[in-house]
Structures are given as C-alpha cells and as structure tokens.
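The chain below stands alone and is given as structure tokens, in the form predicted on its own.
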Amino acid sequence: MIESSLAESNSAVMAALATVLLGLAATSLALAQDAARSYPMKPIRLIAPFPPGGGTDAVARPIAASFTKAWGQPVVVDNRGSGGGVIAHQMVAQALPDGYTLFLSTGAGMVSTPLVINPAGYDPYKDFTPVGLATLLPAFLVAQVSLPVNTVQDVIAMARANPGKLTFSSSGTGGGHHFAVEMLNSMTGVKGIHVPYKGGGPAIVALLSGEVTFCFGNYPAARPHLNSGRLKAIAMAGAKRTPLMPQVPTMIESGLPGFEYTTWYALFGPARMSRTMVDFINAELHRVLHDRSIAEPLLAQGAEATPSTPEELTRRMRDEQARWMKVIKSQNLKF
C-alpha cells in the first residue's frame, strides 16, 4: 500500500512538472511571437562580407535604405571585408537570432568557400537561417574581339586543337568562376588552364592585356569592355538568357546541357530565427525587390532582382553544392 501511494505521488509530481514545462514552453513561444510581431524595436545591422563599393555592398545598401524607411528603425550596412568573407560568416553564425543581425551573403560564401576551405569555421546549413534570395548576377564566357571564335563550340574546337595551351582567368581559386572553368573542362574533355587573379576586375584586365585567352566574368566587370567593343560575349553561364544581353545564348543552348553558374546574393540571419520573423522579413524583401525604383538601378549594375522563399534558397544551395562536388571529384581538384 505504501509503494502504491508513492507511485501515485510520483505520478502526480511528474504530471504537475509536465504541466509546468508545457506552460513554460507555451509562454516562451508566445513571447517569441510577440517579439516577432513588434519587430523591429531598435537599429538593425545588415552585415556585408566584402568592403564598400563591391557588388555585395551595391545590393545591400538599397535594401537597407528601403527597410529603414518602411520600418522606422535604422538598418545599417556593416561591411566586414576580411578573410575572403569568412570572418563575416563566422560573426553572423555567432550572433543572437533576434532579427537584429541580418546578413547578405553570396553563393561563394555559402557554397564554394566551405568546399575549398576546411574548416571554414561555419556550417552554411546549421549556422544560418535562410530568408530569401535577393539578386542574380549573370556571368559570361568572354574573349577578345580579335580571337577567331564566336561560339562555345568554336572555343571547344580551339581547345582541342591546342591542348593545354588555352588559359582562362577567374576571380580566384575555389570561386564560382574557377569552378565554371573546371566544369567546362569536365563536360568537354578539354584541358583549359585555370589562371586565378585577385578579383573579377583583375581577371578582365588580364584578358584585355592578352595574358589569358578567355575569362569567366560577371557582367559589371565585363560590361564597359563589351560596350566598347574590346571584348565579346561568347555565352551566358546561367540557366537562361539575361535581359541585360538577350542576344547572347546560354552555355546550355550552346551544346552543354546542365552547365549552369550564376553569382547570387541572398539574405540570411543566424540559426534559429523564428519563422514569424523570417516570413515578415521575406515579405519585406519581396516588396523591396518588386519596387521599380530599386530593381531598375540594380539591373543597370547587372544585378537582377529575383526574390525567393527560404526553401527555394536552400534548394539552390543544395543543388549548387552537388554540382560543384561533382566537378571537384571529376577533376580531382585539390585546394
């Protein structure tokens, strides 16, 4: 009888404890929802992983200005341009998930860098909350106008006729432009030589000076030289043509099915941000990027406004990671 009484007593205690824990959980959830609904109540940092004046900064600033105007709280762009973006990623990964630290990252930072720097000090999937894609930045395969090639098939034929002699500049080892070169090598069996430079601008300069034969470069860096007639665009590296240069075919259209590379910028927060807050910021990002006064100036700089859901952003990351892992394996790349 004593044992029965003790069992009943323990059951009552456990039931009471469970009730308390459920109550605390419900209270915590309610507080989190209230905080998200009243967000923002103080200034917000929008961290950009590169110095002022670059592509990330050019996308971050109009977004921050529009958020500031709509929310009544300052959204301040905080440029953390060191360590190739790694320092900024680590900083955001360690921040509180309260919505007051946001992050405009890139395909390089969230996909290729963790593949080539081991360890990078952060996990793209565990340490961040995806909010949504912001913009796409088209990349092109370009050449000097004097070079006797006009199509991707011309480039392949020249590479096969001159094995190990054609050179391709890029913005750096392990970046998307480098992987684009290696993907071309892998899909065609050619032996184009990758020549890394310290950024997209120097890679284009190397092409202009004749140091290299071809270049995979972003539109903003190549645009003035394409417009002046010093360079020509052979193909666009993305999955579809860009309205910036609609006459230029894609690599896929040029006979390389599955060839896809596009630089992208996307909004993230630290891990464990509430879904209510994520949905609010995502809706605001859509509003900003559908505003013609913002989307058109971005497009003039080469950045196409392409807002997405958090799930679509994660799928893009996964797809790109699988594509680059395949290239790394097939080309036996070592970093």
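Only a predicted model underlies this, so the values are computations on that prediction, with no experimental measurement involved. In this text, residue numbers run from 1 along the sequence as written.
Form predicted together with a small molecule: not shown, discussed below.
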Requested in this report: Report whether the minimum heavy atom distance between Thr135 and the small molecule in the model of the complex is within 4.5 Å.
Outcome: no
**Report entry** Touches the small molecule in the model of the complex: Phe50 (any heavy atom, 4.5 Å)
**Finding:** yes
Requested in this report: Look up in the model of the complex whether Pro62 has a non-hydrogen atom within 4.5 angstroms of the small molecule, and give yes or no.
Outcome: no
Query - is_contact(Asn282, the small molecule) in the model of the complex, heavy atom dist at most 4.5 Å - result: no
Report task. Tell me the stretch among 119-127, 101-109, 68-76, 153-161 that has any heavy atom within 4.5 angstroms of the small molecule in the model of the complex. Result -> 101-109
Requested in this report: Taking 4.5 Å between heavy atoms as the contact cutoff, choose which of Pro249, Gly201, Pro97, Gly83 touches the small molecule in the model of the complex.
Outcome: Gly201
Report task. May I ask whether Phe140, Thr188 and Ser254 each come within 4.5 Å of the small molecule in the model of the complex, counting any non-hydrogen atom? Result -> no
